[in-house]
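Just one chain follows, in the form predicted alone, and it is written as structure tokens.
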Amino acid sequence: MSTLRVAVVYPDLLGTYGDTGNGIILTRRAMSRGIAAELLLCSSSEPLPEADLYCIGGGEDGPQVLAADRLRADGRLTEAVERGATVFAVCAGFQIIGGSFPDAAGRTHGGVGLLDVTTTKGSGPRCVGEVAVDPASSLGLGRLSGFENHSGVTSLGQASALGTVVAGRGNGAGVAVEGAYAGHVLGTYLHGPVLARNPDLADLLLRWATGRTELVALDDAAELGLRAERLASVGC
């Protein structure tokens, strides 16, 4: 791989919660290790470019529906995954890469279908606040910290849960799990931007995208301090 291409998908539609920061973090962590990397901010008005790692963020209901429609019509994200690209999706992005999700009125809209998950409109209180998650052991990650803000209820089909909820609501489906992943496609409700709080998750995505089994260690004292602070705020 000559240059790692990190694409932030439709920040003009899915940039409400600062999740574009995840793409910035991935690019800078790669470059700090001497890995050539390029950050692409991909407008919804243009065809999706070819990249190694795609980041999809959170957004409001109307833009979310529009983003899903354009990604399905474009087709390049699905083709990229079939070629081996990595996808990291947050909140509305998580719902978009699933099979279906609701709009503000509860009407069902089709997703891109990269993960076997479905989202319905919740009937209880909105899921808002700090979250702590113990990731699936197979991922080799430490406890994750993030902030959730959603009313969707996401149920898993064949996809695996990202982890078990220790604090917060997670997917909101009555089972204490958060997020989902299959292959090199991973979705979560965790904002933050979540990769600013969880550098080991960022590095997992970089290993997937570059094919490297090991990465040069970085000084993550500040990032780990932030994670510890936020976990402590929910008693973890």
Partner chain sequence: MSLRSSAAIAAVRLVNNASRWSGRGSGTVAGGRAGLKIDPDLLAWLAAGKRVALVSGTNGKTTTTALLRAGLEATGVVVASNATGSNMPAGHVAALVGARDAALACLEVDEAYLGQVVDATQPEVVVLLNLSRDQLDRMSEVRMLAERWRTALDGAGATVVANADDPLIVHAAGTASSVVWVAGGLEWRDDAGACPSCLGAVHFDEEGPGWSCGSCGLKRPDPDWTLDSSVAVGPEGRTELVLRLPGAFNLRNAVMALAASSTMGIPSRSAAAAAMAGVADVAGRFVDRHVGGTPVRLMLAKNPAGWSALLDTVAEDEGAVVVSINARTADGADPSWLFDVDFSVLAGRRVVATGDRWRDLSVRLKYAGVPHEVEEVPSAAVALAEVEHGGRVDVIGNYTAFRDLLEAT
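Numbering follows the first chain given and starts at 1. Just so it is clear, the structure is predicted and the values come from calculations on it, not from any experiment.
There is another form of this protein, the form predicted together with the partner chain, and it is not shown here; the text below is about that form.
Heavy atoms within 4.5 Å of the partner chain in the predicted complex are found in one stretch of 47 to 55, 181 to 189, 167 to 175, 60 to 68, which is 60 to 68. Relative to the partner chain in the predicted complex, residues V9, G93 and H109 are all farther than 4.5 Å at every heavy atom.
Shown alone here, R207 lies farther than 4.5 Å from the partner chain in the predicted complex, counting heavy atoms only. Not displayed here, the partner chain is kept clear of I35 by more than 4.5 Å at the level of heavy atoms in the predicted complex. Not displayed here, the partner chain is kept clear of L40 by more than 4.5 Å at the level of heavy atoms in the predicted complex.
A residue is said to contact a partner when one of its heavy atoms sits within 4.5 Å of a partner heavy atom; D219 meets this definition for the partner chain in the predicted complex. Contact residues in stretch 197 to 229 (any heavy atom within 4.5 Å of the partner chain, taken in the predicted complex) are R197, D219, D220, A222, E223, G225, L226, E229.
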